[in-house]
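Next up: just one chain, as C-alpha cells, the form predicted on its own.
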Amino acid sequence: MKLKNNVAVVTGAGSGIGRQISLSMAAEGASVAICDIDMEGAGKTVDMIGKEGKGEAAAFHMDVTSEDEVNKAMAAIAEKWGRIDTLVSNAGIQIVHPIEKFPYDQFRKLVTIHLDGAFLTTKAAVKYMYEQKSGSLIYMGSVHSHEASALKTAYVAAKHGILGLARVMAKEGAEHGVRSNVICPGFVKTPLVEKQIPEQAADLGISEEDVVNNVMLGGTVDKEFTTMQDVADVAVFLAGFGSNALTGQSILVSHGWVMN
C-alpha cells in the first residue's frame, strides 16, 4: 500500500474532490482526517471509508478561515494518530460575476476560504511536519492558477495566490523534508461546476451547451471533463513521493487545456 502509516489531513472532504481524494488515500492505507464545516457530509465520507475496510478515517469540524479552529482541529488530529504526514488544502467555493457587479464581500469570502485557508492550514500542519522532518503539502489549484477566465476575478486571484504560497513553502520546507506541490485540475463535473453552467450562460448571454463546449472545455484536446478520480490519483502520487526531487511544482490535470 502506497500510503501505509501516512496520516493525511484533507479539507473540504465532506463532498466532491475532497471526498474522492480521501477515499483514494484510505484505499492506499492512509489514516485520513476528514475536515469540513459540513459534518453530515464528513460523516458520510468516514462511513464510505469504513465500508471499504482499508485505512481509517475520522471527521473533524474545521472552518479553514478560523485560525483558532484550524489549530484546534490539527492538534486533535495529531493527538489521535501521533503525526501529520500530508495536508491536502482543498476547501473552496466558486462565485462568478463580471467585476462591475462583483460584491466586494463575496470577493473577500472566496479569497479568504481558498487562500487564507491554505495559509492557515499550512501554518498549523508544518508545526508537526517539521518536528518529524517529513511531510507533503498538496494544494488544490486550478488551470486558473495559470490562466484567466472572464467572470472569475476572485477565483483566479486566489488560485494564482495559492501557486505563490506553494512555491514559497517548497523553499521554506526543504530543510525540514517537507515537499509542496499544487494540483491544477481543469473543469471537474462536481456540483460546484454544474452550478456555474447556468450562471455563466446567463452572465455571458449564451446557451448552457456553449458554456460547456466552448467556455469550459473549448481549450481541451478532447472536449472531456477531468474526473475526480483523475485528481485523486495525482494526490495519492504526491503524498507518497519520496524526496524533494518533486517540489514547488504545479501539475496540470486538464486534458491538455493548459500545457507547461
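Residue indices: 1-based, along the sequence shown. Everything numeric in this text was worked out from a predicted model, so none of it was measured.
Keep in mind that the form predicted in complex with a small molecule is not shown, yet the notes after this line are about it.
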Heavy atom contact within 4.5 Å of the small molecule in the model of the complex, the stretch among 24-32, 202-210, 47-55, 189-197: 189-197
Every residue of G82, Q132 and G173 near the small molecule in the model of the complex, heavy atom within 4.5 Å: no
The small molecule contact in the model of the complex: G16, any heavy atom under 4.5 Å: yes
Contact test in the model of the complex: D63 vs the small molecule, heavy atoms, 4.5 Å: yes
Proximity of I37 to the small molecule in the model of the complex, heavy atoms at 4.5 Å: yes
The small molecule contact in the model of the complex: I95, any heavy atom under 4.5 Å: no
The single option of A124, A91, A166, I77 touching the small molecule in the model of the complex, heavy atom within 4.5 Å: A91
Contact residue in the model of the complex, chosen from A73, L151, I113, V156 - any heavy atom within 4.5 Å of the small molecule: I113
